[in-house]
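Take a look at this single chain in structure tokens; it is the form predicted alone.
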């Protein structure tokens, strides 16, 4: 039995959506998805999944707010305390059991409501090694990771800046990329560092957003849409000791490789770069895109850097990477960030967005929950 995405809806993707609460954003994204699929959530959906964390919401037992905005009141509704792609994997497995025909996955973010982002990051840090440091900059761990990645791989400082230039520019073609800009390499390198070696152009800002996906069995998908996008494989991995520096090589991310390998194996492909047309990958920090390309695509960071230099990763290049602009242009939306990458891949495959053209047949979507975690998720999609 195959599993498909039959529709996706979204709301926000702006630095601040003042006119809507997070529940209203959930409702707007859900209504877009349901309208596209032509379904009534009260009648046609077998189960609902909300991906959220009390951690980000500032509300205890925040999953109690999930059912009403997405149509799941008095219906099977569960919460995945994790990233959107983890929820998508759960929906995939539920459909695969044969007991569920249609499952809805939702995630959202309202970072503009967070009073102290530093405080939230501090609470996430390892209580023995990191939290006692009381670091004034919550991105310090990303700075260490960027430096370690360059030292290990031989990737130059300029390569990290090239990622920011590419993705910020790609976002100019994307109506959901409110952080896009036409910038140059000098703009990035000469900008004041936020945390060495990363400047403000290389750290994705936050965005308020909500994303909803309708996942269905093959039979239901063919009934609901003429253009199903198939979920060929899913993968996820969490490295041991997440949140601490004690057990990790800061310059690599094996969980990305393991998640991508798992998804590719399930999809029956041996080389992701050869057998897919483009990728939407993690880039909340500029170095993360090259790390993701190494772990999931090229197997070698310097090869990824050379492809970036040559324009192979451009939106019209040999193998586009983050043609949507990625998080650097669209913003980090907490647990909905992987949903944003999935949404952009879905639209590009369909050729249904203002910023995309038809023709791609298969895509990799790869996300990371961000510092201080070592959790990564991957999905292989196809037409």
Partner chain sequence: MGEPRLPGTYLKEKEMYQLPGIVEHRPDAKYSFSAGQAVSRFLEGLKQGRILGKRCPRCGRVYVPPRSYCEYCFAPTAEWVEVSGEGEVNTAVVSYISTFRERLEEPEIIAVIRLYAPGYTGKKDEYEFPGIFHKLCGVKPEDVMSGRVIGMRVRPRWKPPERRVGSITDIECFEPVEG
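Positions refer to the first chain, counted from 1. No experiment lies behind these values; they were computed from the predicted model shown.
Keep in mind that the form predicted together with its partner chain is missing from the display, and what follows is about it.
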message: Given the stretches 68 to 76, 138 to 146, 158 to 166, 294 to 302, which is the single one in contact with its partner chain in the model of the complex, using a heavy atom cutoff of 4.5 Å?
response: 68 to 76
message: My question is simply whether residue 38 lines the interface with its partner chain in the model of the complex - judged by any non-hydrogen atom within 4.5 Å.
response: no
Its partner chain contact in the model of the complex: residue 24, any heavy atom under 4.5 Å: yes
task: Please run the contact check for residue 240 against its partner chain in the model of the complex: heavy atoms, 4.5 angstroms, yes or no?
output: no
query: Is there any non-hydrogen atom of residue 332 lying within 4.5 Å of its partner chain in the model of the complex?
result: no
field: The unique member of 311, 127, 193, 154 whose heavy atoms fall within 4.5 Å of its partner chain in the model of the complex
entry: 127
query: Which one of 96, 222, 200, 131 is close to its partner chain in the model of the complex, taking close to mean a heavy atom within 4.5 Å?
result: 131
Joint contact, 20, 56 and 116 to its partner chain in the model of the complex, by non-hydrogen atom at 4.5 Å: yes
